[in-house]
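Presented below, as structure tokens, is a lone chain in the form predicted alone.
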């Protein structure tokens, strides 16, 4: 894996992206803005699910109006995130906060999958209720917490407190980051 990432990071496009005076800041800013768009929309939907906002609006209307915007935000967020990773893949691969963010993204995806495949399919039964079924409230609360931690982990990626080239680090951190120094 390390060899593939080193090759990817040494490609002309990757180097040009990382060293770009204009493209890099625009890319990073676009990533942050699309995260704000996506997470803001998800939070609005989740706040309705837990019963903290828009209690008089049917859930189907909230999700129906917000989901198309969430999809646009998600697609742009993923594209910009992949490009940011592409700009310096070895550093991101070994960054503990990047790894935490990726695990949390998988968990958020599973939560959304379960919600849309199981819970939301029965929305007609509880659509107008001010207090929604327990599983819908739990899905909304889990989503709010997980996305908050995703944003925090994403923000911490920029700091190099635990980079592999800063040693010594605790053994568990070197292991969790797959630092090459582990072999030494």
Partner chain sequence: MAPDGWLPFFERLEGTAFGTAIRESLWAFPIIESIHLLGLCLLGGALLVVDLRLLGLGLTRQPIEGLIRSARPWLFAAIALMLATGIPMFLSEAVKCFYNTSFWVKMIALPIALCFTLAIRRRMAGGAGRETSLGTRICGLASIALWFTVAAAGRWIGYSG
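Numbering follows the first chain given and starts at 1. Remember, predicted model here, so these are calculated numbers, not experimental data.
Omitted here: the form predicted in complex with the partner chain. The next part is about that form.
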My question is simply whether residue 133 lines the interface with the partner chain in the model of the complex - judged by any non-hydrogen atom within 4.5 Å. no
Close approach of residue 126 to the partner chain in the model of the complex, 4.5 Å, heavy atom: no
Is there a non-hydrogen atom of residue 13 within 4.5 angstroms of a non-hydrogen atom of the partner chain in the model of the complex? no
Would residue 161 count as touching the partner chain in the model of the complex under a 4.5 Å heavy atom rule? yes
Counting only heavy atoms and a 4.5 Å cut-off, does the partner chain in the model of the complex sit next to every one of 75, 112 and 141? no
For the stretch 133-159, I need every residue with any heavy atom inside 4.5 Å of the partner chain in the model of the complex, listed N to C. 148, 151, 152, 155, 156, 159
